[in-house]
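Just the one chain here, laid out as C-alpha cells, in the form predicted alone.
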C-alpha cells in the first residue's frame, strides 16, 4: 500500500494538535458531532457549524487540497439537489418553469442539506482524517464495538489493496489480448467474466489466508498492542466539543 492511509488522502505526517489526542476521544467526538448536526435545521446554525468545522480543520492542520477534494466531490452531488429538489415542490414559488413551480422553500431546504453535509465532512476530516486505519480499528475495539465488526473492518483495510492488485492484473491481461471496450455484447460478457474471475480469486485468497491464520493459532480474537490513555488534552477537547455542540443547540432551539 502507498504512504497515504486508506481513510483519507491526508498524509500521516500532517499531524496537528488534534492528531495528538487519544483516538477514542476523537472517534467519540466525531460521531457525537455528526449525530448532533443531523438534528439541526436552521440555515444560520448550519452555517455556523460549517465555520466551526473549517476552524477545526485549520487546528488539525489538514492540508487544504485534502479538504477541497473532499468537499468538491460532495458538493458536485449536492448541486443536483439545488436543481432537482425545488422543481414541483410545495411552497412559495421562486419562479415558474412553464406550468411547474420552482419552490423557494425547497431551495432553502436544499441549502440546509448541503451545509449539513459539508459540516459533517469537515468534522470527520479534521477528527478522523489522518488516523491510521489499524489505529482506528483498535480504538473501536477499546470502545467495545462488536469484535466481528472490528475484524471485518481490519480485514477489509488490509486486503482491499490485494483485490485492487488482482483486478489490475486481469485488466492488464485484457489489454495484452487487444481488448477494446465498446457498447456491445462482447464487452458486457468480458466485464462479466472479469468480475467473476475476481470473485473466484478473492475466494481462493481468503481460503489461503484463513488456513495461514489457523496455522498461527488464530481463534477469532485480535490482541491489540496499542495502549491508549486519556489525558488533560483529551478532557479539554471533549469539553470544547460539548460546548460547541451545546452552543449550536442553543442557537437552534433558544
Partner chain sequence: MHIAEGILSAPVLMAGAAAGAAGVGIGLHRLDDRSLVKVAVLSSAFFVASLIKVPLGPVSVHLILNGLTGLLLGWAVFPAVAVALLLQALLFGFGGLTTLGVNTVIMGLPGLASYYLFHRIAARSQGPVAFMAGFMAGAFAIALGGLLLAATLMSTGEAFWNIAGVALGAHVPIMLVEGCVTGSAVVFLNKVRPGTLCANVAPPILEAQPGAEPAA
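Here the rigid core means the biggest group of C-alpha atoms that line up within 1.5 Å when the two forms are laid on top of each other. Keep in mind that what you see is a predicted model, and the values were worked out from it rather than measured. Positions refer to the first chain, counted from 1.
Absent from the display: the form predicted in complex with its partner chain. The rest refers to it.
Using a 4.5 Å heavy atom cut-off, are 44, 139 and 142 all in contact with its partner chain in the model of the complex?
Checked in the model of the complex: no contact with its partner chain for any of the three.
Going by a heavy atom distance of 4.5 Å, is residue 191 a contact of its partner chain in the model of the complex?
Residue 191: contacts its partner chain in the model of the complex.
Contact with its partner chain in the model of the complex for residue 94, defined as at least one heavy atom pair within 4.5 Å: yes or no?
Contact with its partner chain, no.
Using the partner position in the model of the complex, report whether residue 228 sits within 4.5 Å of its partner chain, counting heavy atoms only.
Result no; residue 228 lies far from its partner chain in the model of the complex.
Should residue 148 be counted as a contact of its partner chain in the model of the complex, where contact means heavy atoms within 4.5 Å?
Residue 148: yes, in contact with its partner chain in the model of the complex.
Can you tell me which bits of 51 to 72 touch its partner chain in the model of the complex, meaning any heavy atom within 4.5 Å?
Sequence-ordered list has one entry, 70.
Please say whether, between the shown form and the other one, the C-alpha of residue 183 moves by 2 Å or more once the core is aligned.
Moves: yes, 2 Å or greater.
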